[in-house]
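Okay, here we've got a single chain as structure tokens, the form predicted on its own, with questions on binding and movement later.
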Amino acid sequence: MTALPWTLFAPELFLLGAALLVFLLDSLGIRRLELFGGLATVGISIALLGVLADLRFAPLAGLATVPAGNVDVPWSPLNASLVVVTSFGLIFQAIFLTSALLVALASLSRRSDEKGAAIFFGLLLFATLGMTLAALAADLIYLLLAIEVTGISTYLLVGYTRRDARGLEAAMKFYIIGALSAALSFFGASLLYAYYGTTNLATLGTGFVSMFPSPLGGATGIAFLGYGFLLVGIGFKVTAVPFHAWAVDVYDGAPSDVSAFLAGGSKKVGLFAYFVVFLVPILASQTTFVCPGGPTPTCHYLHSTFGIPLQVLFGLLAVVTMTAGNVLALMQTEMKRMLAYSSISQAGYMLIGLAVATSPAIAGATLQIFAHVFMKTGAFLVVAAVAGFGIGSRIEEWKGVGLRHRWLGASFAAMLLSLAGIPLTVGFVSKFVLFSAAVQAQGWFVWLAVAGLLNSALSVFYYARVLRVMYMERPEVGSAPVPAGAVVGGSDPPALTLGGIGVGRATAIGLATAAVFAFGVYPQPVLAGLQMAADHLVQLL
């Protein structure tokens, strides 16, 4: 494998530079939210353009910073590099950056004199930096460290206002759970290193014991235990049941813009980690004969004893997560808590791709993750905008919102319909592709598709309840919207101009709404790219 060029980290360097510049200007006494937000938005936008160029997106291919020969090269266990460039990883980088860009745009509509603006945008950039670094991981320790860069930044983001008691409580819960998650993950990594003698992701879970002799011999129990700790530790990041309870309180207590980033962006790094950590042992569940390259190539039998149990475990985890999330969402009376449980259920659908572990299933799960960025980020941004009009967090307080604020109501309705999987939305396309892949795999995987369909039908009930309240119930007397610019309660500041929600927030919501329908009507370009990336990933692993 040829040496990777330093330009591989060009997107990360732009994010790091923007973050350091934000903190530098803040230390010089500059307190303008528009400046900090503008720097963050520009930094994220340039990084996103760079990633799209590296993916050879037609209009930007000439700006690629990574030579084509360094993308999707054979991922050999003999390779000791910490990073590897894959189409799959670049797609996840684009997903992370898109979520961050929507949140940065929306946050430009906060008050110009808001305290802590530099902290918010700086931490947003650092969290995004950690996610983009994780998408390049070829080593387990490197992957976990990159995830912790994101984790520490998001702990602080949740409580950055420092004046909101609920936000501080949510930040403390998030920190404690995050510390537990990190401890379990690194302990699991240490057990795998004890068995395999390496933390290279292409080797873990396989039978290359002749290449990397295990000091523990045939004691596979220690490896099973290591994978168990990793599954639990990363499971907290994914919000998979039963490691999900923290997410509801954190999403509810955090400012809505931060909730949008957590649900639409940062949890996706956990899903990426699940894929790159567990796909190798699952794909190696049947014995194959491989001959790694080199001056004196030696052939080995590659076999994993963990693949089948992991597939069954992830299948159960997917069903339990989607079912528990939907059932609990059905019982909620507060909007943000309902969206939080909905986000948990969506994680269950995504885990189907890992359980099936075929190229179409991986592409379908990635499309579901891609769709979730627009659906869930957009939904939380609408909640933040509606809060600027003095409308409370309880669902019953949203009576007539769709009639009083038609544009916001229509956008929120689009997000909910897409989350439910209604045709002509990207949520329908992603679920169709994912469930179809499970059916094509046959066997017990068909039941995963059946469980997904039943849960999608169940989710319609609580989404329809919100739409009924928004469009079919009259608001109570005296519940007129607060004029734009007035001070309202809660952790979210009042909105600015352009109908009372601000230009930045309106742009972010508009982009998310347009994406929901655009990719729902014409998903072929994105789907083709995801399928190609999934094919390459399966071949590389």
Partner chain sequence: MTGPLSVLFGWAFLVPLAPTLAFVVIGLFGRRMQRLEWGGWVAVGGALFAMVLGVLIAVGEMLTPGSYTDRSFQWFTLAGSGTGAFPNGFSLVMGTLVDPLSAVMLIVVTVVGFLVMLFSIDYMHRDSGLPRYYAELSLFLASMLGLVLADNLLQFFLFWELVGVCSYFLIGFYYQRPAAASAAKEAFLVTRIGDVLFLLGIFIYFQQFATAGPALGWAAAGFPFVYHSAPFLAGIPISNPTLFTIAGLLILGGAAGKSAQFPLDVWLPDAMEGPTTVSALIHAATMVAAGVYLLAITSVFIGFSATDQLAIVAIGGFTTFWAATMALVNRDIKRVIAYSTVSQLGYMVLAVGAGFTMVGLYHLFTHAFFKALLFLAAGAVIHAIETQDLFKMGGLRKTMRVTSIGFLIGGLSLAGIPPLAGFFSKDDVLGGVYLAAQSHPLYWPFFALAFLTVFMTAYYIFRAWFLAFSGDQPRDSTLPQAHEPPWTMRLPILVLSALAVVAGLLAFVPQFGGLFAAGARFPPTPGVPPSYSATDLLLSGVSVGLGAGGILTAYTLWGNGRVFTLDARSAAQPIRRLLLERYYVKAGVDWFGLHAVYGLARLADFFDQYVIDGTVHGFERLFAEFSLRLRRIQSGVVLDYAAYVVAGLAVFLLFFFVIVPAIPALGGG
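Numbering follows the first chain given and starts at 1. What you see is a predicted model, and the numbers here were worked out from it, not measured in a lab.
Below, we refer to the form predicted in complex with its partner chain, which is not included among the displayed structures.
- Checked against its partner chain in the model of the complex, the residues Leu225, Val85, Ile395, Leu283 give one hit for a heavy atom within 4.5 Å, which is Leu225.
- Val248 is the sole member of Leu354, Leu108, Ala202, Val248 with a non-hydrogen atom lying within 4.5 angstroms of its partner chain in the model of the complex.
- For Val277, no non-hydrogen atom is located within 4.5 Å of its partner chain in the model of the complex, even though that partner is not displayed.
- Looking at Phe243, you'd find a heavy atom of it within 4.5 angstroms of its partner chain in the model of the complex.
- Proximity of Pro309 to its partner chain in the model of the complex falls within the 4.5 Å heavy atom cutoff.
- Mapping the unseen interface onto this chain, Leu231 counts among the residues with a heavy atom inside 4.5 Å of its partner chain in the model of the complex.
- Comparing 167-175, 376-384, 98-106, 258-266 against its partner chain in the model of the complex, the single stretch with non-hydrogen atoms within 4.5 angstroms of it is 167-175.
- Here the marked residues Ala10, Phe36 and Ile46 all miss its partner chain in the model of the complex; none has a heavy atom within 4.5 angstroms.
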